[in-house]
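Single chain ahead, written as structure tokens, the form predicted alone.
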Amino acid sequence: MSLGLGSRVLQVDDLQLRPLAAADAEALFALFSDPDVTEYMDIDPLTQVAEARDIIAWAQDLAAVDQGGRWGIWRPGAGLIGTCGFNSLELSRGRRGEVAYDLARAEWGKGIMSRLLPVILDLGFRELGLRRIEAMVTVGNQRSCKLLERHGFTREGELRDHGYWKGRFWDQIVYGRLSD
């Protein structure tokens, strides 16, 4: 039985979360072509719309096999202002997911992820039956660390040289939260 993450739309006040679709490529390109947005992400700033299409295909493939789900964050009048969701789900050998999110620079500091993260956590813990939700944060991304800590995540450790992108190795901080 499919989780249906590839078709689920969530509404949080004026924000709509809907699965990334092919028609979103231009908007996603605009978001991820900003080097400030991708600074701590495992991608370079996008230089072609085709790269946005590849990210959308990755998100759709994850949802199709119940291994994740990624939503675009839409606000009336502003368009696509970010993305959020589960970059991975492990449901057979564990009940855990990895949450991830990003926002357009103009939206930073407005409390948007503080409004959305509880909805994503509720979906993970209640509807998907996850026992654990984790997040990997690139060292230096203090805004993300503070957001996770405000929402009950515990800093569990640091993985040295855990990732390789943008031509170098990156340390990652592991955050985790268990279901209540």
Ligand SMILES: CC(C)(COP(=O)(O)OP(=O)(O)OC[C@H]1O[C@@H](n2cnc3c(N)ncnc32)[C@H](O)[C@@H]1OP(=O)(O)O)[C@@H](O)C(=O)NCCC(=O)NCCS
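Heads up: residue numbers just count along the shown sequence, starting at 1. A quick note: this is a predicted structure, and the numbers were derived from the prediction, not measured.
Just so you know, the form predicted in complex with this ligand exists too; it's not on screen, but the next bit is about it.
Visitor: Within 4.5 Å of this ligand in the predicted bound form, do we find a heavy atom from each of F125, R132 and G152?
Guide: Not a single listed residue reaches this ligand in the predicted bound form, so no.
Visitor: Find the only residue in V137, L62, L121, I55 having a heavy atom within 4.5 Å of this ligand in the predicted bound form.
Guide: It is V137 that has a heavy atom within 4.5 Å of the partner.
Visitor: Can any non-hydrogen atom of W71 be found within 4.5 angstroms of this ligand in the predicted bound form?
Guide: No, W71 is distant from the partner.
Visitor: So in the predicted bound form, is this ligand close enough to L103 to count as touching (4.5 Å, heavy atoms)?
Guide: Because a heavy atom of L103 falls inside 4.5 Å of this ligand in the predicted bound form, the answer is yes.
Visitor: T47 versus this ligand, in the predicted bound form: is there a non-hydrogen atom within 4.5 Å?
Guide: Flag for T47 set to no.
Visitor: If we define contact as a non-hydrogen atom of the residue within 4.5 angstroms of the partner, is M41 a contact of this ligand in the predicted bound form?
Guide: M41: contacts this ligand in the predicted bound form.
Visitor: Using a 4.5 Å heavy atom cutoff, which residues in 109-131 contact this ligand in the predicted bound form? It's fine if the answer is none.
Guide: G109, K110, G111, I112, M113, S114 sit within 4.5 Å of the partner.
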